[in-house]
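Here's a solo chain for you in structure tokens, the form predicted on its own.
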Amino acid sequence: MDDRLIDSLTAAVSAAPDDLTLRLHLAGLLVDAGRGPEAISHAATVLASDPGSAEARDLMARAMGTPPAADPPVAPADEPAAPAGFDWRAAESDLGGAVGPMFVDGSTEDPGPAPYDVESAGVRLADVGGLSEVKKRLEASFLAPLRNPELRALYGKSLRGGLLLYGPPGCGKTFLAKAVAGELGAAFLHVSLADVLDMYIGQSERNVKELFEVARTSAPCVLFLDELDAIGGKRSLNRSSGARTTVNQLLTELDGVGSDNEGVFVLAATNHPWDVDPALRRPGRLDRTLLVLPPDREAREAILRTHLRDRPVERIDTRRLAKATEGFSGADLAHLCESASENALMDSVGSGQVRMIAMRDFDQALAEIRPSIGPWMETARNVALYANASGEYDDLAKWLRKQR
């Protein structure tokens, strides 16, 4: 009889789903019949429409097999009532202060510049192996005026403009830029093509602007533009309007239009300065140029000792290695040390007996490794011979003549 009544009421509720009284009556019969899970859905439907229904709460508790909740105590007249089950006042005291909103629409607040990584350089020029001539020129053209503000004011030396480092790949231009930041005690912001380039129109220009804003707020800061030929290539050879406008934005930021670049020292590096837009190298921008050449013999020996410092080596003749690696870049020398270490490791694995890295491992590596700057030198030689009417690559031409 009870099952037939429940079935009839179920059909009636389906025909009139908004009849809460009928639904509560059905939920009560289901609880009495031991069909609690079915009663829960009906009680929940009633509570969704009438959260204050005591009968629905009681049926829900009975269906779930828990005793009905007692009525919450009445709060004093001078204090607002708090919901039962959670002490909000204790929670607020635990937080110890106001909590900001979970969401904002951004309509009235400026989100500020993008969170690009500004790091501490942590290295000095003394950590750079060799390159004594480069260090002297850095000191004379860039560091000395910065360290001596009184003499700078006396001689009217301007700090406007930046420094462009160029030369074959793998010769330490990025490391030099970090060392300059370390000498200045400034923050270091490394900007690559991935930090600037964006597929959406206008976003690349916005990225350039935000990067300079980050550098200004982090001053003193060395802003290092890596692979400048990719970021600021010649506009006359670029068919993309987005790339041209990105160069325009870079020129605007270098000029400090609308902003003060005080305390922002701009350094850039490229393997192909002949592909950089000429406007970037005009006075007041990247107007000082420094050729960073492959390490000389003394520098190669220092670099080799640095890379072998923490490795288990035995009777390594770094002087002979430095003589045998003429034309190697710093990256080539690092690769040579890695290859020699790998040779010793594989021999140890094959023999089952661990041994030190020896000269024979370097001899084996030297038989397989060649300098990587050959293609760059061919391009550089053509530029020095046929595209140096202004004399801006005289130092490069002089070095290339010595390499013959």
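Keep in mind the model is a prediction, meaning the values are calculated, not measured. Superpose the two forms; the largest set of C-alphas matching within 1.5 Å is the rigid core. All residue numbers are counted from 1 along the displayed sequence.
The same protein has a further form, the form predicted in complex with a small molecule, not shown here; the description that follows concerns it.
A.B. asks: So which stretch, 211-219, 188-196, 327-335, 246-254, is the one near the small molecule in the model of the complex (non-hydrogen atoms, 4.5 Å)?
C.D. replies: Looking at the other structure, the answer is 327-335.
A.B. asks: By the heavy atom within 4.5 Å rule, which residue out of 182, 129, 263, 145 makes contact with the small molecule in the model of the complex?
C.D. replies: The residue in contact is 129.
A.B. asks: The small molecule isn't shown here, but in the model of the complex which of 207, 318, 289, 271 has a heavy atom within 4.5 Å of it?
C.D. replies: Answer to the contact question: 271.
A.B. asks: Residue-level contact is defined here as any heavy atom of the residue lying within 4.5 Å of the small molecule in the model of the complex; does residue 162 satisfy this criterion?
C.D. replies: No - in the model of the complex, heavy atoms of residue 162 and the small molecule never come within 4.5 Å of each other.
A.B. asks: Mark residue 225 yes when one of its heavy atoms lies within 4.5 Å of a heavy atom of the small molecule in the model of the complex, and no otherwise.
C.D. replies: Residue 225: no, not in contact with the small molecule in the model of the complex.
A.B. asks: Taking the small molecule as it sits in the model of the complex, is residue 267 near enough to touch it, meaning that at least one heavy atom pair lies within 4.5 angstroms?
C.D. replies: No, residue 267 is distant from the partner.
A.B. asks: Residue 285 versus the small molecule, in the model of the complex: is there a non-hydrogen atom within 4.5 Å?
C.D. replies: Taking the distances in the model of the complex, the answer for residue 285 is no, it never comes within 4.5 Å of the small molecule.
A.B. asks: Using the rigid core as the reference frame, would you say residue 326 shifts its C-alpha by 2 Å or more between the shown form and the other one?
C.D. replies: It does not, since the residue 326 C-alpha is displaced less than 2 Å between the shown form and the other one after the core fit.
A.B. asks: Aligning on the core only, does the CA of residue 127 end up 2 angstroms or more away between the shown form and the other one?
C.D. replies: Yes, because once the rigid core is superposed, the C-alpha of residue 127 moves 2 Å or more between the shown form and the other one.
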